[in-house]
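The chain below stands alone and is given in structure tokens; this is the form predicted alone.
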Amino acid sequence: MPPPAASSRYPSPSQPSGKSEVTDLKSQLRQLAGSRAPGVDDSKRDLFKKVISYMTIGIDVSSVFGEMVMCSATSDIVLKKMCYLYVGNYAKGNPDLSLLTINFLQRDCKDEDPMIRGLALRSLCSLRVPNLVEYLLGPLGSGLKDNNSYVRTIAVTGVLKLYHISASTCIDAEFPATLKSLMLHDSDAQVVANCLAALQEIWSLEASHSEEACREKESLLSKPLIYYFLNRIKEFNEWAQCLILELAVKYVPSDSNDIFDIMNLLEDRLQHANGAVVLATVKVFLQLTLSMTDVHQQVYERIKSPLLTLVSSGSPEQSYAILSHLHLLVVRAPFIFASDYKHFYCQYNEPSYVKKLKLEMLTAIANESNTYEIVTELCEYAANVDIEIARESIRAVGKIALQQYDVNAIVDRLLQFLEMEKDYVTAETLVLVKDLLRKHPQWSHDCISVVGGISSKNIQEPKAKAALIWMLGEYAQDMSDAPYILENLIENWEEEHSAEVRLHLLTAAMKCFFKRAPETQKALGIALAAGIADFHQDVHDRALFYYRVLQYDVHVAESVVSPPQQAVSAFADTQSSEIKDRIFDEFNSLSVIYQKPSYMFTDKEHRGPFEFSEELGSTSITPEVSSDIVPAQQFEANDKDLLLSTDEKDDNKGLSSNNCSAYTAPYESSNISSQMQELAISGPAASATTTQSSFDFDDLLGLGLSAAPAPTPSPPLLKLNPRASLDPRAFQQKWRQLPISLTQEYSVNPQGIAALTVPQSLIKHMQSHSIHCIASGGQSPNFKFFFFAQKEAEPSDYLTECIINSSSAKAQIKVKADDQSTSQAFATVFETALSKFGMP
């Protein structure tokens, strides 16, 4: 069956069927503009709906502006609303067309229907065209004096819009004074609330350059005005009540009687069904009684019940918001909420974000009287199908164990987790057992007996593996298999991708060596050699430090690495007390939800007139103080200098002349013992046999060096022509003809990898070393470059293909040369230049 003809199809109301659709709408609207026939309003509605629909999906229908205005001459309020919506959308972008709307909007502002008067006034003020400001003054003045409260409410908001269009016009017309009079004498609560909101904003903005506005702003916090609002607070809606309560927070009472009077006036607001009103009232109570310790504690008791009721009666989102504020109060006064711990038990149908917050609260309120019940409940959550909740519950048990003195039952529960044979449960438990042993070393026997039966092959998470390795090193004397487990882990060094685990392996091997030297000697040697050759700077530095301090004196090394055990009295809090106080000052705001002060997540221009100064500069880095921050490259260089002697620093300055990398293995240097003496604070003088003893020490650790190799003189560096040139076609021809002289792989330093985000930087760097780039390509993490260079004295070319992988920090090069006997010398120059890439 053929498709129907175009004329028989019905176009979609939200999509024009052709280019002439808007033109057809325009002609139809013009026909209906002056018509008074029955049913014309229904036809207009259909056309208006099409216009609004096209406008919504982004089709330009501004060409029907005049026709829409002409069709607005009707008493149908639905048509009026659609017309006002259309006019408000196109007026700001088409100021000239806006003039067409002034007459009919001003006429509608005098309509008999207060709804039409209000809508017309709102649309008139929403045009936001500076050239039409003069047309707003009359309708606004009339609206503020209108008999209908809805029109007055719209007019008050219109004054604020006028202020943002032209502040001087608004002030000169004395609208703020009119708003103040309305605020004090109007019988409608919504009008009063709008006046308060508008005056607060106007006077706050004007206060920066007007003393009168400053005085008016302060007058809002006067005692008569505060009591005027509080006595009428029941008349206002929830939004207005929150506005008044926020104003009351800033009021400074004259004496204690004043405080009690305000609290008595607001007592019933704590029973309000709206959570925002309750939280605003709680903030008033807390701020008023800060200087009255006894009363402040009673306030906590009073506000506890309303907040707990809101948690259980609202939506999950409301419950989370209320719980966030309760958590802040619980941290400040945990003993008050200790008896209500069952309110914070997790329900099966609660979302995970609510459960996590409840677990934090259970941790905070745990004490001697309720610990057993709370830990029992938390242990049930460890088997939860939600893995993240199970992890959080185990962490909560561990935190409770760390803050209690009697941990007998808790330790037993933790060790039972290790028998659940779930990887994530075992991982979290191992981390907690490590922290527990740091604070309560007396439990080492019970814990180690269970931990010793766990296979390291079954632990994949870095933090858990690091915790197990720490226990293997710290309690090597109590774990018979500790040296052999460590040896197995060290033999798989290359397969371990976590730097944290490799760092713990180094330290654990050292500690185990001091306790069980014969069994750990070989493993320690392998660990030090692998650590020194490790690409990660922290791992390299720690291995280098351990190596040197061992060479200096084994007893000194033991006192540094494995001192006598001391129990940790307390673990550092993640938030400072200043941060917590700042969040408490911003009660009933997003700061409590985010658990950070507002200046940490808002821009300066949006912090408002009451912003705090950033005295806690250490908690965040702003552009103003960023110049004082030591750059990463400079920091790494300084950190490197801490591990080098003066002679080595001087050698590194001439790095290009001796062909050595920035981190040469220390046992290849013949003066390593003298470096160790410079690192030590105090110690015996070096003997004449120090050099030989250092190599004996290397052999003892199994590093495979039985005698000191004679230093070989560095070959003279190849001199390259800085003005070399080569045609791309000649390069291609030579690349096809010449054989590969050598293939090598180099490591690229972290600074170079960071600088490689712009490949052009490497090209410029190599050109400064007389190695020129003829082609480049690729994208992260693989970059490919073709370089060429020429001897300074002879017409001999070196062609190089260099592929750099930024994720592995490795560079693979292929060199082709006219004179293949000098290929190694050129590769040395290339490696030296590449090793300096990104260095300051």
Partner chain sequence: MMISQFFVLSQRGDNIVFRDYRAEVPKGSTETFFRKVKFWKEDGNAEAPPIFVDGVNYFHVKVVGLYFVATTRVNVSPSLVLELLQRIARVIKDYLGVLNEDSFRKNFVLVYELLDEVIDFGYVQTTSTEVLKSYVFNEPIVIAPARLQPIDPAAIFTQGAKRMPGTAVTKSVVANDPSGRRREEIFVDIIEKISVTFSSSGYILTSEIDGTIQMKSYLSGNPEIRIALNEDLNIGRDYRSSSGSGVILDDCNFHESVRLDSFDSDRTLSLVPPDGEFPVMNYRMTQEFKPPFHVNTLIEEAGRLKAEVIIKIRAEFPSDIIANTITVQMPLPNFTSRASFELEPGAAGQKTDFKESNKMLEWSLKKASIVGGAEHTLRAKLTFSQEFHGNITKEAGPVSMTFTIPMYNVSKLQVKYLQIAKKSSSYNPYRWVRYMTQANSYVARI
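Whichever C-alpha set is largest while still superposing within 1.5 Å between the two forms counts as the rigid core. Just so we're clear, the structure is a prediction, and the values are computed from it rather than from any experiment. Numbering follows the first chain given and starts at 1.
Although not depicted, the form predicted in complex with the partner chain is the subject of the following passage.
The shortest heavy atom separation between F335 and the partner chain in the predicted bound form exceeds 4.5 Å. Interface residue remark: L503 is not counted as part of the site for the partner chain in the predicted bound form, having no heavy atom within 4.5 Å. Although the partner is absent from this view, I593 contacts the partner chain in the predicted bound form, with a non-hydrogen atom inside 4.5 angstroms. H327 falls outside the set of residues with a heavy atom inside 4.5 Å of the partner chain in the predicted bound form. Among S456, T157, S770, N94, the residue placing a heavy atom within 4.5 Å of the partner chain in the predicted bound form is T157. Note on contacts: among T363, S741, N588, T426, the single residue with a heavy atom within 4.5 Å of the partner chain in the predicted bound form is N588. Screening 524-532, 237-245, 537-545, 461-469 for residues having heavy atoms within 4.5 Å of the partner chain in the predicted bound form returns a single hit, 237-245. The candidate spot formed by Y353, V385 and E388 lies fully in contact with the partner chain in the predicted bound form, as each residue has a heavy atom within 4.5 Å of it. In the predicted bound form, the partner chain lies within 4.5 angstroms of at least one heavy atom of each of the following residues of 118-139: L119, R122, R128, in sequence order. Annotation: Cα of I59 displaced by at least 2 Å between this form and the one not shown, core superposition.
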